[in-house]
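In structure tokens, one chain follows: the form predicted alone.
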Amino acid sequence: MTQEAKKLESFTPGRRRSDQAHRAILQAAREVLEQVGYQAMTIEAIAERAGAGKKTIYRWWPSKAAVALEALTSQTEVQVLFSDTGSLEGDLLAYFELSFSGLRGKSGTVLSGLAAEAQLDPEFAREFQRTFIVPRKQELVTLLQRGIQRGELAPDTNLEVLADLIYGAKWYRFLLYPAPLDDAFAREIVKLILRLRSEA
């Protein structure tokens, strides 16, 4: 066992006494995810790459899904507030460009595995919603609120429901329907949203 691994094993149970070790484990998890994907990822592989013991990892995370979730969210912990382009149409197109590109990449593969895990593990599902889904939905609601402030959406628009509809369309194609998450799809969604104002 390396000296670094011995340091990791010396931690008091349940406490993260070394931020460096914590970061090393999350970095190892990201690297394993990139190499083999979520389904093939194991705690053993993470421990070996990080120079940590399995017991250390299990003290801090209850499952590989929990490790993967924190590895994913910590990588994007500095949230990118969607830029104010000056119009709802521009804001939404920028939102879709950013979110679609993420779902098409390696992060998307991880997310699909975590979404499947959330269907099987209610406790993990709550954590997934709290740390990943809810904050990102709130960013979208904030974007839509700017549309109301500019007069581009009716004042009584239910933004929570509208955000759910946007998420529903995006995740349906991402998880279930074999159609691309592309610019054409984004523009069709934006066109429908903009009609809410013209028909109000």
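Note that residue numbering follows the sequence shown and begins at 1. Since this is a predicted model, take the numbers as computed values, not measurements.
Same protein, other form: the form predicted in complex with another copy of the chain, not shown, and the subject of what follows.
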Fill in: 4.5 Å heavy atom contact, residue 101 to another copy of the chain in the predicted complex
no
Item to complete: May I ask you to check whether residue 83 falls inside a 4.5 Å heavy atom distance of another copy of the chain in the predicted complex?
Response: no
Worksheet entry | Touches another copy of the chain in the predicted complex: residue 189 (any heavy atom, 4.5 Å) | yes
Worksheet item: Would residue 38 sit within 4.5 Å of another copy of the chain in the predicted complex, counting heavy atoms only?
Response: yes
Discussion item. If the criterion is a non-hydrogen atom within 4.5 angstroms, does every one of 48, 69 and 106 touch another copy of the chain in the predicted complex?
Written reply: no
Fill in: Any residue of 96-110 that, in the predicted complex, places a heavy atom within 4.5 Å of another copy of the chain
none
